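Quick setup: one chain, the form predicted on its own, written in structure tokens, and binding and motion questions come after.
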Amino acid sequence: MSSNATTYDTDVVIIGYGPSGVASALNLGEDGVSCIALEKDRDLYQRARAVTVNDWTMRCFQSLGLDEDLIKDMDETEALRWVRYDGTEIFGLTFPPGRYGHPTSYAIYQPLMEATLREAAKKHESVDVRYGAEVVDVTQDADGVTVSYCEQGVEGGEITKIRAKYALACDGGSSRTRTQLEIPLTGDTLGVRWVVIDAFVRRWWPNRHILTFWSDKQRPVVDIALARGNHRWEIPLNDHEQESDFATNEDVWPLLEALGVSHDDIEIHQHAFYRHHIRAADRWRDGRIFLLGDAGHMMPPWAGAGMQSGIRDAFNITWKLREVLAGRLPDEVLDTYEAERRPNVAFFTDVAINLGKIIKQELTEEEQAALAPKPGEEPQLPPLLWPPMLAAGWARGNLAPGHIEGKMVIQPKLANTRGVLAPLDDLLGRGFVLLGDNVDPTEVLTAEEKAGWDKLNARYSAVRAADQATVGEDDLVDLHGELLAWMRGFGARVIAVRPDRFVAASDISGLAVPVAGSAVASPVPAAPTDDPAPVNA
């Protein structure tokens, strides 16, 4: 049923202003899309929950010009290992160089990262953040969403209503929005309760910088260096142990001393308890409302992908909202949000569960032996570090392994016609772009295909080798031939790249602007062998 209301207070209302919410606001604000963010808490949550971001997530922040500011409060993660209490190493991995313009992995301190993101959002006039705003009701009709909120903690306070075209529910695992929409949350909450201990480092201890999983059936431990001289341990409580047994910081010391940690090494500054969740909402879109982050899905922490998945949700849905609100793409493209993000979240959830089995010593001896490479063999890249891909969604062509469609384009350093050297994305801008291998893409497109991309304000750039002259003013120079080699490895001469840097189409399967159902879905995730360029290039 349509509403008579034809005016809106904003284009998008964001419910919750954690990592998913602030990422949504930043991406919308960067494009001048109006949004109002409602956050019930007045202050930033000071506990460090997430511990890492990878090169994909940093590429998202790069698109906002925030990567350098964020890196100031991050440390590059060099390696990880699984070890037993007797010091025996089960498996170890040195992170390979990142292929998306950033190191493969960073250790973070989440409160500092969120503070930087929130500060950056203040520069956008189209972003209105309201703290202490507790949402009490969410309704929608065919034309928009109405969100009602009151001042948090004020009983009987005045109700304020916001009318928006779309709403993003970023209100966490206990999402009130999801509950009001009566969307089931399917899955399990594991019974074991974990204590998380955060500390300040007083002095360095051997190999502190290596992300370490202490593997043990009774007391597995996550031992991880956070940024800015912080460190964390995550330790499960045994059946006979209660939270009350660890009421103070002094009470948790025996757990750390068992790992060889002393008062000389650290100063504990806080600890908390939590359980692992493996849950996903039955649907992530309900009319004009979308579930992001923990509101839509929760996973164990072992893959370090929980917060990052929410941030990627935000960057996926917001560029599509921008195009729909501008009238350049139909509303149906918003259905591809869940089609694209759910398989990726499910993949990282499975990775997290399997990593947990290693940590908790739930693998058989044969399965443990299979982790290590055979003598003379190069170690296989673990699924945790496999390259991003789409398994379905807004793309044209075959999304199966071995095809360029649906892959994330690599990000080497290139030059423009004026000789400015920069990472690829900094030269492409925030929109759609078609790249041609030593050819102007407009020479390959039909008139109808070009009209479709013109409507999306796409750019067209020929990519030249370093020993070639540029021709058009939008030409790019591939200094070391990495991008051209990557395209040629898939047999592509021209590719169409989405704002989130996934390949939407190529000359192999046709360069028309994708429509719903124009891609062949992939049945399996892409392994690193599906990338024709060397993993460690």
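In case it trips you up, residue 1 is the first one in the sequence shown, and so on. Computed from a predicted structure; not experimentally measured.
Below, we refer to the form predicted in complex with a small molecule, which is not included among the displayed structures.
> Looking at the partner-bound form in the predicted complex, is Pro514 within 4.5 Å of the small molecule by any heavy atom?
Residue-level check for Pro514: no, no contact with the small molecule.
> Does Ser461 make contact with the small molecule in the predicted complex, using a 4.5 Å heavy atom cut-off?
Although the small molecule is absent here, Ser461 would stay clear of it in the predicted complex, with no heavy atoms inside 4.5 Å.
> Is Glu449 part of the interface with the small molecule in the predicted complex - any heavy atom within 4.5 Å?
Looking in the predicted complex, residue contacts with the small molecule do not include Glu449, since no heavy atom lies within 4.5 Å.
> Examine Arg493 and determine whether its closest non-hydrogen atom to the small molecule in the predicted complex is within 4.5 angstroms.
Contact with the small molecule, no.
> Sort through Arg176, Arg228, Lys360, Arg283 and report the residue having a heavy atom within 4.5 Å of the small molecule in the predicted complex.
Going through each option in turn, the one that passes is Arg176.
> Consider the chain as shown here, without its partner, and state which of Val221, Val433, Ala133, Met408 has a heavy atom within 4.5 Å of the small molecule in the predicted complex.
It is Ala133.
> Using a 4.5 Å heavy atom cut-off, which of 36-44, 479-487, 494-502, 465-473 contacts the small molecule in the predicted complex?
That would be stretch 36-44.
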